[in-house]
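Listed next as structure tokens is one chain, alone, in the form predicted alone.
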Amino acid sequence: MTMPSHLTLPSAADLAAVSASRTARWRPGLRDASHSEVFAGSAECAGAAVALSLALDDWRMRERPETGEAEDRRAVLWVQTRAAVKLGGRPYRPGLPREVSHRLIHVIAEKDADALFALEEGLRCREIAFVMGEVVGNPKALDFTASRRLSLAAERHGVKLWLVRLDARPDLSSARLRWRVEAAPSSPHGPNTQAPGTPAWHATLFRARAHAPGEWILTDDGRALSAARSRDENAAPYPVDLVRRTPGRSLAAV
């Protein structure tokens, strides 16, 4: 069988470049994907904290819009379902980073579908700097089609989304980056050894298009996000259970 004359195989250099891009590690300061998901338990509030730190890290690295103003004055949209508020509470404005506290638009939606609608409308608005969302579990409204709509809206309008999935299992999604996070021991405070220091989180990137999976200890001192490689980085990536279990039957028999 001969190859058509108009088709050419990629060169070794092209393959090496693709391989290098797939094995590159994420690090703070890189422009992240338009749509990211952060999976976390509801008991420790690590999900919203890490999502906000990732969002601010990305925001600080952006080129400012050509508005003639030195400061980006756009608002930040934070959408929660009522169930998410009951589990993790609502954002405490005085405790938020100064870049966010005075520009926050907070929305509480009664239903998951209403929250997804608010998220998508926020992504379509260029006067929004970025969008945060919090939903609980694996709602039917957040199927792959809905996830795809959010990704397309974020990419088309240039407004990024960080969606926190509380007490959820990784299901099908079009999110470009998917994290699993949990709280980690904070660093020493300094003079007061009894006080907590800079907050830290154990973050696992278990799905990404442009980065290799990995684990990091993230810290945020209020000025910048830092990442140290986790001692468990050589462990297997977080097990993603995308196939419903079939007790008593092998997958081949389904």
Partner chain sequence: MPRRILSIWCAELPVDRWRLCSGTGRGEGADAGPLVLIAETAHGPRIEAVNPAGRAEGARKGMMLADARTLCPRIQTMPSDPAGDLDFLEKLALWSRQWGPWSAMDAPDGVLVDVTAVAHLFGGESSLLADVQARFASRGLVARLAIAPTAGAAWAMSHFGPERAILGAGCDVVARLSDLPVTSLRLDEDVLVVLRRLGLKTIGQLAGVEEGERQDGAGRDSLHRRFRNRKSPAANPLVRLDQLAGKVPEPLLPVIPQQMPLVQRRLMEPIRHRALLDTVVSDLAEDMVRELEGKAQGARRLELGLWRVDGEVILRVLELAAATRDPSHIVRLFAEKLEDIDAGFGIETVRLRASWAEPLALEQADIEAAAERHGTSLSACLDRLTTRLGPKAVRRPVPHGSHIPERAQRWQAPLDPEPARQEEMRFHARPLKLLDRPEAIAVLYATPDGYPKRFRWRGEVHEVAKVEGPERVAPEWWRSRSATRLRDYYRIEDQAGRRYWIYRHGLIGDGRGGAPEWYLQGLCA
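Just so you know, these numbers come straight off a predicted model, no measurement behind them. Numbering follows the first chain given and starts at 1.
The form predicted in complex with its partner chain exists for this protein as well; it is not shown, and the discussion that follows is about that form.
None of the heavy atoms of Ser36 is located within 4.5 Å of its partner chain in the model of the complex. The closest non-hydrogen atom of Ala118 lies within 4.5 Å of its partner chain in the model of the complex. For the chain shown alone, Ala212 is not a contact residue for its partner chain in the model of the complex, no non-hydrogen atom being within 4.5 angstroms. Although the partner is absent here, Glu44 lies within 4.5 Å of its partner chain in the model of the complex, judged by heavy atoms.
None of Ala168, Ala141, Val85, Leu152 but one reaches within 4.5 angstroms of its partner chain in the model of the complex through a heavy atom, and that residue is Val85. Contact check for Ala146, Ala203 and Arg223: none of the three has a heavy atom within 4.5 Å of its partner chain in the model of the complex. Of all the residues from 106-132, those having a non-hydrogen atom no more than 4.5 Å from its partner chain in the model of the complex are His106, Val107, Ile108, Ala113, Asp114, Phe117, Ala118, Glu121, Gly122, Arg124, Cys125, Arg126, Glu127, Ile128.
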